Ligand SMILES: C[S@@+](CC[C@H](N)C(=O)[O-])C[C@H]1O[C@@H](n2cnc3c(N)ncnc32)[C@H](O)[C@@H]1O
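One chain is shown next in structure tokens, namely the form predicted alone.
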């Protein structure tokens, strides 16, 4: 049996990655803005291996061909992106953020929106995963229709890169783990039992429009306009600096002058954009379009 020395093991652990894995990594970055550094390639390799097993392919070179020149290249690229972008979320995941939206941001937006002729709100959940975030926002808005939102209409746009997650969201059936933070009032009012799971009410579904969107698709991003609020939580952490700046610029262009941007609690725009003003709320933060006070 061969025994590697410590030096040999160190050299082996820092061996250059397979050149076709690097090409796959660069392809993913090109089409989706998601970048895997050399020291994070292992996660990408594992996801590629899952797809390679399905296709009965043994080498990264053959898999790269499947992604670039074979007839299945478009479908396989979507399948790989589905593997890469699997996220974990739940209803009412960030309660301080939800409270800030409901009690601080929404009144400010309504004050500015009231100056316009159309009493209609547009909210975008960018990177909505399996739908818990946009449905949470929808239920919050519905709760406000008898008070702050009386006489108003609203719509929620929910987009994600992962087709499987979007299908889950459209189906609207959630297990105990996804609904673990769901307040009793919302559980009783907006859900029905579906075996051991919960099915979200059709009325909530009607307010949410789910669609697949790549945040690095320059053309499609140009159509995301007239927005009062954008939530993009724990999505940009997968992007490199250049891709992140382009996405944030699109967010800025898509928001109305009074619009707000929400990121994940560990994310910030420091070093990314100076076009937003940071707003501090109890145990939460947001970004408002423009540098002046509103």
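Only a predicted model underlies this, so the values are computations on that prediction, with no experimental measurement involved. Positions refer to the first chain, counted from 1.
Form predicted together with the ligand: not shown, discussed below.
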item	value
Contact test, all of 129, 215 and 235, partner the ligand in the predicted complex, heavy atom 4.5 Å	yes
Proximity to the ligand in the predicted complex (heavy atom, within 4.5 Å), stretch among 107 to 115, 136 to 144, 175 to 183, 85 to 93	85 to 93
is_contact(residue 161, the ligand) in the predicted complex, heavy atom dist at most 4.5 Å	yes
Residue 64, heavy atom within 4.5 angstroms of the ligand in the predicted complex	no
4.5 Å heavy atom contact, residue 60 to the ligand in the predicted complex	no
Direction of the Cα shift between residue 270 and residue 34 in the predicted complex, where the change is 3 Å or more	closer
Pairwise C-alpha change, residue 34 versus residue 234, in the predicted complex against this form - closer or farther, 3 angstroms or more	closer
